[in-house]
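Here's a solo chain for you in structure tokens, the form predicted alone.
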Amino acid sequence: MSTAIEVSNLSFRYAGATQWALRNVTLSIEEGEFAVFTGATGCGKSTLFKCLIGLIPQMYPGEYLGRVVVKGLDPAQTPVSRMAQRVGMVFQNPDNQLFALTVENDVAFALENLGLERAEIERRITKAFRMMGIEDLRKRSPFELSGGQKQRVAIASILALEPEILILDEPTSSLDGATAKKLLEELGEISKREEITVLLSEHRLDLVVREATRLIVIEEGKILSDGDPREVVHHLLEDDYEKVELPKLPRLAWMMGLRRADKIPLTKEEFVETLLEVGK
């Protein structure tokens, strides 16, 4: 497995700010990972994501130290338009990415700007609609859609670019639990099927811990914990960490004394299995 993203001693402070948004972040992401970033609001997740696509330092001035390499490119020196063909980012508010009169035109916009032939544009649009299950929205106005539908359209517009890396900045923040869970499960399936590296920030770990191959906790611009989701959750429980909302089942298992270091249950099935093993 090769490396998709390499971050070395990255620090960034926005112009006019006294505090560093990122502090000495070193991170390596392998191709095909589904890496979930979590942490309190303002911890630096969004800033890190902007560094990975070149918006920082190219469009947000400030003090930038360290080095980032994404698919062999330096985002700090590579035009954002070129980075967008390798790394697609879906922002927290889908309204910021939707502006055309129809959903179809929104998804086609970036493809047309790339100068692709009409047949290729049609192929990509159709595939993206199918992946996100929004074929019926094709001729609709994006401004009459629900929050969940808008988010799916925003993701489809990025998937149509066929990126090697997909970054989603709190994509479920405006969605109810059930809608968010379904979307995250589908993104997990898309990541595996299309072999796309996914980086996603999420507060509600209950919704995404099953899909994650890796969990990264950021606190005040620094990486606090990084590794296998089960191990990270276990360590956070050990430390009685309260700045992120840990999944309910592991917390319940911890309170019940089901504290095997090798396997803190993350899912309902694992929780039941652990209970049955203890009861033998």
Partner chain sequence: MIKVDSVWYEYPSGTVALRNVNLIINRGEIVALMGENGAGKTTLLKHLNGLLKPTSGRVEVDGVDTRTTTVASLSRHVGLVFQNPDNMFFCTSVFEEVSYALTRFGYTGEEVRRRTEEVLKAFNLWHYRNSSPFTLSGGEKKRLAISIVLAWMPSYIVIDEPTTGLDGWGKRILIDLLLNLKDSGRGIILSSHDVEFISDIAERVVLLRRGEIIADGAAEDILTDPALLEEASLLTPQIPSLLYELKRRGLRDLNHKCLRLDEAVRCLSAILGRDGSNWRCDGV
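Being a predicted model, the structure only gives us computed values, none of them experimental. Positions refer to the first chain, counted from 1.
From this point on, the text means the form predicted in complex with the partner chain, which you will not see here.
Non-hydrogen atom contact Glu273 with the partner chain in the model of the complex at 4.5 angstroms: Judged by the heavy-atom cut-off of 4.5 Å, Glu273 is in contact with the partner chain in the model of the complex.
Touches the partner chain in the model of the complex: Arg251 (any heavy atom, 4.5 Å): Arg251 belongs to the contact set for the partner chain.
Interface membership of Asp228, the partner chain in the model of the complex, 4.5 Å heavy atom rule: It does not: once the partner chain is placed as it appears in the model of the complex, Asp228 has no heavy atom within 4.5 Å of it.
Glu219, heavy atom within 4.5 angstroms of the partner chain in the model of the complex: Because no heavy atom of Glu219 falls inside 4.5 Å of the partner chain in the model of the complex, the answer is no.
Heavy atom distance at most 4.5 Å to the partner chain in the model of the complex, all of Asp206, Val244 and Met256: Checked in the model of the complex: all three residues contact the partner chain.
Contact residue in the model of the complex, from Glu135, Glu195, Asp176, Glu144 (heavy atom within 4.5 Å of the partner chain): Answer to the contact question: Asp176.
The partner chain in the model of the complex: contacting segment from 64-72, 39-47, 220-228, 25-33, heavy atom within 4.5 Å: Looking at the other structure, the answer is 39-47.
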